[in-house]
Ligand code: HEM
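The chain that follows stands alone, in the form predicted on its own, written as structure tokens.
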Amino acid sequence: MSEHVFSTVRGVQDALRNTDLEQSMYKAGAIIMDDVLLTLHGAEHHKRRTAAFKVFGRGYFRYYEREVFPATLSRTLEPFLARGSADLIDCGYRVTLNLTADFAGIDRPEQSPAETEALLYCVKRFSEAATLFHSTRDHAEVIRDAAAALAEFDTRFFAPSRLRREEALARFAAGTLTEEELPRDVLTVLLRSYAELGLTPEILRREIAFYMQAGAHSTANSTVHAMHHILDWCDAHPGSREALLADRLLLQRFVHESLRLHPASPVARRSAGCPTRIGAQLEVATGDDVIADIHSANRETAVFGEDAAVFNPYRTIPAGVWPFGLTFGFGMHACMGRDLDGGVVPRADTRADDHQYGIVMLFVESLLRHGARRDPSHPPVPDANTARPNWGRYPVLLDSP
């Protein structure tokens, strides 16, 4: 078997659009990732993704950004503002946790600190297991932790949430509940197509656990990376904070530049299920490994300029290229939450008051408005438990409400 590495924008696109290539990076994290949307292939993937699209439409994301997220953000930030400080990693997980639970279909009836802590514990264990390929911890220990978290998640969150939706679907079938009154979330959609999709209780539980970790983990880390770059920029360019808070489209541009430099998954790994061709020339044999180096492609100088490895939100982006590069993937496994996290790329005629900015930008904007600045007594610390370039702690000081 051979290994083929693609590290340019065109090469990564050619690799990720090839439907003969199957996911191969998440086998080690099978306790969470086995048979979930991200690891399915072919017809099974298409059916599952089509079902999920009933939830993940642009209108749904726009509704969440405007109606749901502001209240969630305000409520979650309140205790951090009261004490005047926060760890952006912890704060980011808490902000995105409730949002992710809403669209995944996990209820939090208590709305208590203890309930939040329990769900947060589970989601963090799921994230470690899902990204086991890059973990520097003992893999057997990570899997044991994930198994224990899955058991707690099942008992306390997943099983009761599933029961409520099954009862709602039974009432809908009996004509006592309307379509509009049904929960609009992934769990409900999958339960409605349970037999058609060939689901089992274990697969359904893993799928919802996957949505929980993917939404919370990537969004929290993306927010911290964006804040790091923006705080650096504001230190080097006096008056920038005020300029960014006065121009939301500019702030989104800063966030997109950070997203380009920090893809949630720096590489995508695929395995050829049959002989295939990538691009115009390269022949790939059955079983060959294909590495799509998204991190390098997003820093390709021929596309993004000689300073492609540097944070420069004012760079010129070529036509047909996203300002965040290939951070959200490409092809059939592209992230369905792209518009929710990053918002819609503005056009020349975009009106600032009628634009979808993405929840990362809204989170960053709120932090800047509350005076977020690094804590000089507690500098940020990289995450030592993963080979991915993420932060482990990022303390900031905040102004009171």
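Predicted model, so just to flag it, every value in this text is computed and none were measured. Numbering starts at 1 and runs along the sequence shown.
Another form exists, predicted in complex with the named molecule; not displayed. Remarks below refer to it.
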Contact assignment for the named molecule in the predicted bound form, among Tyr93, Phe80, Phe210, Phe157, heavy atom within 4.5 Å: Phe210
Position in contact with the named molecule when the complex is considered in the predicted bound form, options Leu362, Cys335, Ile31, Ala372, heavy atoms within 4.5 Å: Cys335
Would the named molecule in the predicted bound form be within 4.5 angstroms of a non-hydrogen atom of every residue among Gln23, Leu38 and Phe328? yes
Since the chain is shown here on its own, which stretch among 239 to 247, 309 to 317, 219 to 227, 117 to 125 would lie within 4.5 Å of the named molecule in the predicted bound form, judged by heavy atoms? 219 to 227
Heavy atom of His355 within 4.5 Å of the named molecule in the predicted bound form: no
Applying a 4.5 Å heavy atom distance criterion, does Arg49 contact the named molecule in the predicted bound form? yes
Indicate whether Gly105 is a 4.5 Å heavy atom neighbour of the named molecule in the predicted bound form. no
Examine Gly215 and determine whether its closest non-hydrogen atom to the named molecule in the predicted bound form is within 4.5 angstroms. yes
Within 4.5 Å of the named molecule in the predicted bound form, counting any non-hydrogen atom, which residues from 93 to 113 show up? Leu99, Thr100, Phe103
